[in-house]
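First comes one chain, alone, set out as structure tokens in the form predicted alone.
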Amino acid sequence: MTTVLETIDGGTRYLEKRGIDDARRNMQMLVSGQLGCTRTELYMQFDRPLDEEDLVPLREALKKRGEGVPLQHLLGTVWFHNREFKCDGRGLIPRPETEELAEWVLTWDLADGQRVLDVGCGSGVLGLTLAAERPGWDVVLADVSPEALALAGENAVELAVGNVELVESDLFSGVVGEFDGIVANLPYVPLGERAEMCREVLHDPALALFSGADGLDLIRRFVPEAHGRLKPGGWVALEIGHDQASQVRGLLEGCGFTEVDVKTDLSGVDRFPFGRKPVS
């Protein structure tokens, strides 16, 4: 019989040969996912023998991971801001930087009953996190992809978040009313960078990644429309690419936003532009 430790060791070697970064952690996650335990609990089961009932699906998952299928898709879940979300090919796998955006937005001093819109919500990790952390807010999640919106709806049910509304919308086309805050993690990757991207990222929907030659096509549409949909005094916040800060700052200022500020991520990259619609 093959033990848990032998399975981890063999799978790690397999993934290393196929160029998978952090191969041992990946294999540990696959095994713990199959056995329904945490990685910590796995350490106490190294001598446990595995039968074919566990080994067959593990071999299939290992093969897919070696081919570049993202670990999150194989596990079916991803952790974001201390909550577990369903994750599959219908939506973008959330990046750590987006958790930082959520933290910044949660500093907004908005009273209960005020409205916040998440444009391009994808799987819903950002908007649902805001709704869960601020149950007094009314949060609208909008996305042009019905598949992504369905995934966001499933996550809303799993997390039992009730103060949300889901709307199929191309930016603001299907959204009704004005908002006190608007957040967006829109596609911002230039089309020319497709060939340079790692194979795992290319399992994300192209609709959620690419936005024209310089990555800013959608943001150019978004900024003036967001200004028109904010209430006076309302805030807008975005996540952008590593070299887009000056251009997006110019877009915000050119559309009449004030208090424009681009906050850095934990790596020191100008990542999160904020702006406010003047009160008068």
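Since the model is a prediction, treat every value here as computed from it, not as a measurement. The numbering used is simple: start at 1 and walk along the sequence shown.
The form predicted together with glutamine is left out here; the points below concern that form.
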- Look up in the model of the complex whether Tyr188 has a non-hydrogen atom within 4.5 angstroms of glutamine, and give yes or no. yes
- Query: Looking in the model of the complex, any heavy atom of Val78 within 4.5 Å of glutamine?
  - Reply: no
- Given that the partner is absent here, does Asp54 sit within 4.5 Å of glutamine in the model of the complex, heavy atoms only? no
- Task: Flag Leu149 as yes or no: does it have a non-hydrogen atom within 4.5 angstroms of any non-hydrogen atom of glutamine in the model of the complex?
- Result: no
- Message: Please tell me whether the candidate spot formed by Glu103, Ala111 and Leu130 is one where all three residues come within 4.5 Å of glutamine in the model of the complex (heavy atoms).
- Response: no
- Task: State the residue from Glu154, Asp88, Asp180, Glu97 whose non-hydrogen atoms include one within 4.5 Å of glutamine in the model of the complex.
- Result: Glu97
- Message: Using a 4.5 Å heavy atom cut-off, which residue among Val164, Leu92, Ala142, Val116 comes into contact with glutamine in the model of the complex?
- Response: Leu92
- Interface segment, criterion being heavy atoms within 4.5 Å of glutamine in the model of the complex, picked from 205-213, 79-87, 166-174, 121-129: 205-213
- Task: Note that glutamine is not shown here; using its position in the model of the complex, name the residues of 239-256 with a heavy atom within 4.5 Å of it, in sequence order.
- Result: Glu239
